[in-house]
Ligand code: GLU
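The form predicted alone is given below as one chain in structure tokens.
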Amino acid sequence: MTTVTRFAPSPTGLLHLGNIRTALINWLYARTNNGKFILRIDDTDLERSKDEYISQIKYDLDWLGIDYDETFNQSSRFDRYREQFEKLKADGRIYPCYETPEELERKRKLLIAAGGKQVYDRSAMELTDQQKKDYEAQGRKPHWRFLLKTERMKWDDLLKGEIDIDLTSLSDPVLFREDGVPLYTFSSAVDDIDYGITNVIRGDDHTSNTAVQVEIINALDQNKITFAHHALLKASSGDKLSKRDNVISISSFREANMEPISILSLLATIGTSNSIELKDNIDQIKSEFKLSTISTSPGRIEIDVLNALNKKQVQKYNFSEIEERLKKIDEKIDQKFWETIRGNLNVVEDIKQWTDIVFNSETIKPSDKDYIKIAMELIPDDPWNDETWGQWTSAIKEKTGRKGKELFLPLREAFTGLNHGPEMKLLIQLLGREKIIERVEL
């Protein structure tokens, strides 16, 4: 049997790191088992689903290198859901309910007060045909619940081991709303059957859903799915990740010029028994993937760790690998410029700060004017090389008696306007004698 996995985002917001981690795990599991990876867009909620989010989901996956073999939108399958709804109806597995949200809330409060299970009482199953007609005459439309018959649902979870859910502690789930729209629990079960999904790998917040969905699948066909529930990622604060948190959306990282491999490296190792480290490429991630290494304890997203991975990746780049990208920033960037500057970059595009420093003609007024005047009187003649800076600062030291920071820092600030940066012996060669003379305003 061919392994088939799926990633099923709802287009109601931007994908965040937690969403992409689930997509990556499913993609890796399919690819390492010579299987198939499906992108399913869960857009049955037509009011909240947006086309721009669908486009963004696909763009995010493509940008990261997570390809899919097939994709479909649930909104295109309403006829199929209705067909399967009619099957359950004919088999007596769903029943109409006419309670309003306020009436259901009142029931819930009474159950709490009585200290009983907060489970729907199935009173709708006792309604006579006349009572149903009376409700509909009042303008009420029914929502439809699935009749749970199994007392306990057990399965062997690939990550959590044996799972045993007491279904008597759960209310019969609503499968169709009053407006005829199918809910996730039902549409997902129908899709998993129709598309031959063999492995559902998702967050452990879906564990109780799984118990219900297995019974729905068995009512329609026969469950052939193996499940795995991973712990969810959390923000560094310990809070749950949210689509509303744009700080950790994939698009926000792309806009911040983060490297895709940095994000993938973090997501492939966070919350696993492996150390977090930068990978060479997605093929390395694939070759090292083992589902069994994923921990059942939640990992925490530390943006500082992601930034460190990204900085390491930037510093790994050879000029030839990103020459075209650099030319779009400034055509004057050559190999020597890149090799001098890259160690000071957090993202590649930060190099723009250094092209401004090296190539523009802005003058700088030194704060330590008398000292810089002496330095400029001792400026070496061309040509400059790796020895020039040492020779120049030795001459300045001999003339002024300065050493350490008092010697070097005023020179860096006078020549670049910054108190940090690449080695000055390399940077002054990019600047050149003429530029330094032109820049220093005495």
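No experiment lies behind these values; they were computed from the predicted model shown. Each residue number is its position in the shown sequence, starting from 1.
Quick note: we don't show the form predicted in complex with this ligand, though the next part is all about it.
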item	value
Distance check, Ser188 to this ligand in the predicted complex, heavy atom within 4.5 Å	yes
Contact label in the predicted complex: Arg40 to this ligand, heavy atom within 4.5 Å	yes
Any non-hydrogen atom of Tyr371 within 4.5 angstroms of this ligand in the predicted complex	no
Arg108 within 4.5 Å of this ligand in the predicted complex, heavy atoms	no
Listed residue that, although this ligand is not shown, lies within 4.5 Å of it in the predicted complex (heavy atoms), from Tyr184, Trp155, Phe319, Phe359	Tyr184
The unique member of Arg93, Lys312, His206, Arg140 whose heavy atoms fall within 4.5 Å of this ligand in the predicted complex	His206
One stretch from 40-48, 413-421, 373-381, 387-395 that, in the predicted complex, holds residues within 4.5 Å of this ligand by heavy atom	40-48
In the predicted complex: members of 2-23 within 4.5 Å of this ligand, any heavy atom	Arg6, Ala8, Pro9, Ser10
